[in-house]
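There is one chain below, alone, in structure tokens, taken in the form predicted on its own.
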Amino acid sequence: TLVLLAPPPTTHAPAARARRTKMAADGGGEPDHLARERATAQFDVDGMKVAWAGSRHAVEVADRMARLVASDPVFRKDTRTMLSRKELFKDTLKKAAHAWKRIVELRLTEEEANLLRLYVDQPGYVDLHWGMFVPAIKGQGTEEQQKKWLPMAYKFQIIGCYAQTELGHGSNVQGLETTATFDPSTDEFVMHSPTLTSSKWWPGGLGKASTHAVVYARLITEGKDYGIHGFIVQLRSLDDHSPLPGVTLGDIGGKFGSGAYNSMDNGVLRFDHVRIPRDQMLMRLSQVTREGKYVHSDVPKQLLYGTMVYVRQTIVADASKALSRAVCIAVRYSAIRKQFGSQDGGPETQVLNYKTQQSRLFPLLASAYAYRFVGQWLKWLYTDVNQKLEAKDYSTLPEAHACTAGLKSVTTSATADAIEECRKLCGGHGYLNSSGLPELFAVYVPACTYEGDNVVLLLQVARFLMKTVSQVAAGKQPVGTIAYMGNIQHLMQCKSAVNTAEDWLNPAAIKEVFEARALRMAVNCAQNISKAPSQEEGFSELSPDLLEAAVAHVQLIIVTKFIEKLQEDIPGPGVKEQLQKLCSIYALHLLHKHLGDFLSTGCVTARQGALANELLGKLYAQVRPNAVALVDAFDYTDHYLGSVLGRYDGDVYPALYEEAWKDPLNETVVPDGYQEHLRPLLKQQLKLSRL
């Protein structure tokens, strides 16, 4: 039997390139199409890059690091979704080691190193080492502990992860089952996993890479359970990387999508009476003495808020990055793609010119900018919280906690939905791995669960709002993002003065209705809870309404911070004008989407809602000539974007064609399995039996 083998796969690429050159010459590739789009921009793109990045310095550093990564063949990722899990993990180890080598060789600053890792764009153990292990030791370790462990962590002499979540408990940290029992006879803690559900489950980096972990366990001494505390535990030998005696370790298995978060070794960990020295308990906030006495230190536990605000601030910043990548792909491809509308054999209509496409896509573009600016504000809040902590001023902490919890929840949920919407906006090709969107979605969606489940976080925000409503009623003046509640008399009875569509361009008009909606929804919930037999019963019964009130409050924060950004000096011709349009689109699209809230609370009339929608249509038309330039301002390299559809040059179709030939399935012309399965089927002589 003759098996027809294809030429080696390398022969496909030159042939594809030759076809591509010919197609471009024939006008099929239209590589200049986006250049025409860019020529219609009514603002200074470089000025917008500065507004997006936060400063000229930030633009330059990001650009330098992005190009450094894009030009390095080790950081290639175009075949990542085709790799097996083992190959993918080995590739991740290689990239992480190479990134560290480049950081050391080039003597990069911390800012540059963080950006380099960002642009490598492959989840791995280093994310948890720098993002969770090091901050945990900094935040919860004594000075002595920091001096011992941080230098080793900074030089990668040890690799750390953050082992909190268990098989049976995630959101409810107080329900964790792992135990750390103090043995005064040896001055050691005994780490133990007493049940199957007490197995640590999910920590990134734990499965295969980490040598150490900050493990959260129930501290037991003198027969008493003192609740959850952190412990530094060595897991693997520093000689041959094998698990230490009593430690069971492994990876928890494949996860959603191809490539995506499968590059991360999320792990399982069990302890069988593993002993660690007493001084490996993180002792900044509390200690166990040599005799086994549990004592609180004089360091207030509120200091942990600083770390929490920092982590959530990075998550909101990541939301704007992921959303802007998806929007960049969808906007560019919508400008390239043409469907329908051909008159007498003339050209078809660019998909971006359809109002249905604009009304779905431009609010997402506006959201990317809104999340970016609220993320920049959160950086300021983190600094502010730390300064207040140092001054022992804890008055604004509950508000900072509620604000960051709410922003984490709302931005990550909206971003996950938006990436999927961008995939749909790209038609069938959006479903191809080479579009970059399936992997971007798969790698992003866990953000809705980690660092606090989004619904649980919104319920925490709602509790804070209910408390604030009762404090305002008692005459206490609210601060920060809830200061608007102090204006309760006006906001409970005001009526919007909007009379024409253009009246909605006034930021004060927008702010007033968003404040009134948030306050009235919170007050309604508080009144209904007060009618319940008990507060807890009322809270539980009304939890769906409370979620909506929490979302209304968080959306107000985002709208307010966008409006405040526009009060700053924003240089560059036309830059502020475009941002004003995007701010209006963000706010009015929310008003349109949640019109039921605004109507049922009496904040706007049906006519005013219709006027907002009328203005939205006009704003979409004004953004249309600027759309491609607005996504160019994100300043993403083609490597970081990782999308054939989102290419900067717009030469999509030849690239899609070429990309297809890279798939391992195309390594042979006749597929493996033809002889065993296809040929017998095709050659069979069917004998029909009479029934």
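All residue numbers refer to positions in the sequence shown, first residue = 1. The model shown is predicted, which means the values in this text are computed figures rather than measured ones.
Beyond the structure shown, there is the form predicted in complex with a further copy of the same chain, which is absent from this document and is the topic of what follows.
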Problem set entry | a further copy of the same chain in the model of the complex: contacted by all of 443, 665 and 670, heavy atom 4.5 Å | yes
Problem set entry | Partner contact for residue 155 in the model of the complex: a further copy of the same chain, 4.5 angstroms, heavy atom | yes
Exercise. Heavy atom to heavy atom, is residue 256 within 4.5 Å of a further copy of the same chain in the model of the complex?
Worked result: yes
Exercise. Does residue 479 reach a further copy of the same chain in the model of the complex if we count a contact as any heavy atom within 4.5 Å?
Worked result: no
For this session: Would you please decide whether residue 642 lies within 4.5 angstroms of a further copy of the same chain in the model of the complex, comparing each non-hydrogen atom pair?
Result: no
Exercise. Since exactly one of 169, 379, 388, 576 fits, which has a heavy atom within 4.5 Å of a further copy of the same chain in the model of the complex?
Worked result: 169
For this session: Check each of 317, 252, 311, 532 and return the one that places a heavy atom within 4.5 angstroms of a further copy of the same chain in the model of the complex.
Result: 252
For this session: Please determine, with the chain shown alone, which of 362 to 370, 205 to 213, 396 to 404, 274 to 282 has non-hydrogen atoms within 4.5 Å of a further copy of the same chain in the model of the complex.
Result: 205 to 213
For this session: Just give me the residues of 594 to 625, first to last, that have a heavy atom within 4.5 Å of a further copy of the same chain in the model of the complex.
Result: 595, 596, 599, 600, 606, 613
